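Encoded as structure tokens, the following chain is the form predicted on its own, with no partner shown.
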């Protein structure tokens, strides 16, 4: 049985869940904490992957959504609200803000949208730093110890089960969602907006949905991150955090859920490996990004797919799904110089 066929098997989600349940039996407290962070960054990275890898929108506000989710979850939980409700509240608020941030995406081109979302991220960091009465400002704030069905989650292992369950459920929901018309619409918009519109796809609606889903996943991931580290400060959600999210997607593979998992594993454990070179971490992240962009542009997932270790067709029958009517329309548009370059861009995928 090929390794790629193993990943394609229908029973893989159940086996993956079993693997998550076994992890605490084989790790100590330190590695358990790192694994908790990996799972948090899986959701956070998937928020970036949704908007950038699937919908093709150059949005770089993911760190801001993560911060909104982290602070909202921590603040609401101090009001003795159940932790799951606090997590959902953090995700929903991040999704609402993401919808507002996504409004410029209906008019701005890629470069200008990127600049606008980066500016929003910096504004969010400024608000978190100076809104002392709510966020405690630059001093940061402690996230209360979570209580799950009356059971206090004091240790990293106990918190792991909450984080793992939420992560697993949300990844499975995302898998079903991307296999539906939403995933097909996101891919069509990424390939060519004009052709997608000609095929009856409501571009403004699906762009807004993509931003909302991206914000929700980043917000819930940020809430889980606050639970995992038990202490949050505004500096956790600055431009360097944005670089980590972008690197996570590029290193793992643009447009790949498996790539997000691989990227989260690599980039979360990398700082622990390079702990003796902490002052050079930002430079090393930059070098890593350059190496992958130049030499491995499809990321680790693309490299593994070329070697048939990961399957080429997952979720929507492939991250780069061949959508017949969209492809044919793109070729026709290219012949008549409508949306120039559409065919070439499609061939890259």
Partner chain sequence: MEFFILLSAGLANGGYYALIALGLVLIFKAQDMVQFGHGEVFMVGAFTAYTVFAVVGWPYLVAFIAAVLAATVVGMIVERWLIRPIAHMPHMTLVMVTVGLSFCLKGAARIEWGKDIYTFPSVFKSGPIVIGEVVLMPQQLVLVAFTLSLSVVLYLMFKYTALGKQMKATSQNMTGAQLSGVNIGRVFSSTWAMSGALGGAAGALSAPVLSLLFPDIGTFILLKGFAAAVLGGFGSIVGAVVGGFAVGVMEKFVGFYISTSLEHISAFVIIMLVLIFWPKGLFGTKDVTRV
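Residue numbers count along the first chain shown, from 1. The structure displayed is predicted, hence computed values, not measured ones.
Another form exists, predicted together with its partner chain; not displayed. Remarks below refer to it.
Residue contact check for residue 231: none of its heavy atoms lie within 4.5 Å of its partner chain in the predicted bound form. For residue 60, a non-hydrogen atom is located within 4.5 Å of its partner chain in the predicted bound form, even though that partner is not displayed. For residue 148, no non-hydrogen atom is located within 4.5 Å of its partner chain in the predicted bound form, even though that partner is not displayed. Of the heavy atoms in residue 250, some are within 4.5 Å of its partner chain in the predicted bound form.
The three marked residues, 35, 81 and 162, fail to reach its partner chain in the predicted bound form, with no heavy atom of any inside 4.5 Å.
Heavy atoms within 4.5 Å of its partner chain in the predicted bound form are found in exactly one of 149 to 157, 68 to 76, 240 to 248, 82 to 90, that being 240 to 248. Shown without its partner, this chain lists 105, 167, 128, 264 as candidates; in the predicted bound form, only 105 has a non-hydrogen atom within 4.5 angstroms of its partner chain. For the options 118, 141, 171, 270, the residue carrying a heavy atom within 4.5 angstroms of its partner chain in the predicted bound form is 118. Of the residues in 186 to 213, those that come within 4.5 Å of its partner chain in the predicted bound form through at least one heavy atom are, in sequence order, 193, 207.
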